[in-house]
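Next up: a single chain in structure tokens, the form predicted on its own.
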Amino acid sequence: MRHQPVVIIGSGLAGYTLAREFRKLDAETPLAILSSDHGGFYSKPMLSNAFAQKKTADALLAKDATRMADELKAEVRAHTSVAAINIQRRQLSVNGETMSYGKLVLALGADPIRLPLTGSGAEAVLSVNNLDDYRRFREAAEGKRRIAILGAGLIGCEFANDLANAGYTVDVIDLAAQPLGRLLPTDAGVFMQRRLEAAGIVFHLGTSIQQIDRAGSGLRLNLANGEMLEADVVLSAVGLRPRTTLAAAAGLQVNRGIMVNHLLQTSDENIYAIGDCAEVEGKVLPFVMPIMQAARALAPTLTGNATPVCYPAMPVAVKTPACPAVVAPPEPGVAGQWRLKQDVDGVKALFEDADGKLRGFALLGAAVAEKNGLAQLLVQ
């Protein structure tokens, strides 16, 4: 078993971080990384704040597949399609061939959620979920002026701020009553909105897109509230859906994501899942810090030293320079209430349970300076 290959499907942050951690512990076991794209390494979080820095897709690519293979002493297969997993034989169907594995790690990532849009311009709506998507988006926005963003969540607001800083006219549409509606209490969301509006972003909240039609060289957006917007490019940023199809077809247990235990082990003892595709004991954690913690735990597990993943306090930094923000959302289902302190420079919102214990926080503006101190007080 030890000399059968460890195979990682996926070359994103989760896959490559795990590969690095694994190689720190085991330099001999064959390691293969299967990538559906070019297989190069880049920082996905940088995609939402690269326009203002005038960074092209090529500039964001840190290392190509060949260099990653050399550094990791691994086989990196670019543009590789995995059609099926045979659990009983521990084999993969890869580009029409059969590939064996000793341990298999699913680092498949997630797909952008596509809204059921209608109209002649619906197919022109873009999403940015990887480097190739970013390249297409940059090309579409080249020489244009007006960009509409569907979704006022974390990624939507980051793109909006970045594009506004790059000189674009930006409209943001969302059904929620405020930006970052799932992360921020109401007053904090309003503070974020005002700061982003001061940067030139126009919000259309409490409404949705009814239809998108082509209008000359641009697009016309008809909103449910009766508004009509013109845009050159429309970007959808309404969320991600974990990729579970391959796992489900193999007979692995899936729910919102691929279900794993505290060892990141699926319902098959030789298969693991990590990153955006994984549902870790009921939680889907599509952020950088959980991925890093998971990789550091799974690497020793793959070498025979079973190590459960433990998540410390993991505040999420929102990359909106017009309104810096750090959020540690409370666990779903935790009863409590927000206490909020606000002045012209920032917002400090604390979520406390019935016993007065800190279970989450949101810091905006100048209040982000308190992140480290509050993170140490969080009850997990």
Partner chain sequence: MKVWKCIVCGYVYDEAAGAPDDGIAPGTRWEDVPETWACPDCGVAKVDFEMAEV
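Worth saying up front: this structure is predicted, and the values here are computed from it rather than measured. Residue numbers count along the first chain shown, from 1.
One more form of this protein exists, namely the form predicted together with the partner chain; it is left out here, but the text below deals with it.
Here the marked residues Asp133, Arg136 and Ala299 all miss the partner chain in the model of the complex; none has a heavy atom within 4.5 angstroms. At the 4.5 Å threshold, heavy atoms of Lys357 stay clear of the partner chain in the model of the complex, well away from it. The partner chain is not shown here, and in the model of the complex it never comes within 4.5 Å of any heavy atom of His38. For Leu61, no non-hydrogen atom is located within 4.5 Å of the partner chain in the model of the complex, even though that partner is not displayed. In the model of the complex, the partner chain sits beyond 4.5 Å of every heavy atom of Val238. The contact with the partner chain in the model of the complex, taken as any heavy atom within 4.5 Å, belongs to Met289 out of Ala84, Ile113, Ala199, Met289.
Taking a 4.5 Å heavy atom cutoff to the partner chain in the model of the complex, the contact residue among Val334, Leu340, Ala52, Met46 is Met46. Of all the residues from 242-268, none has a non-hydrogen atom no more than 4.5 Å from the partner chain in the model of the complex.
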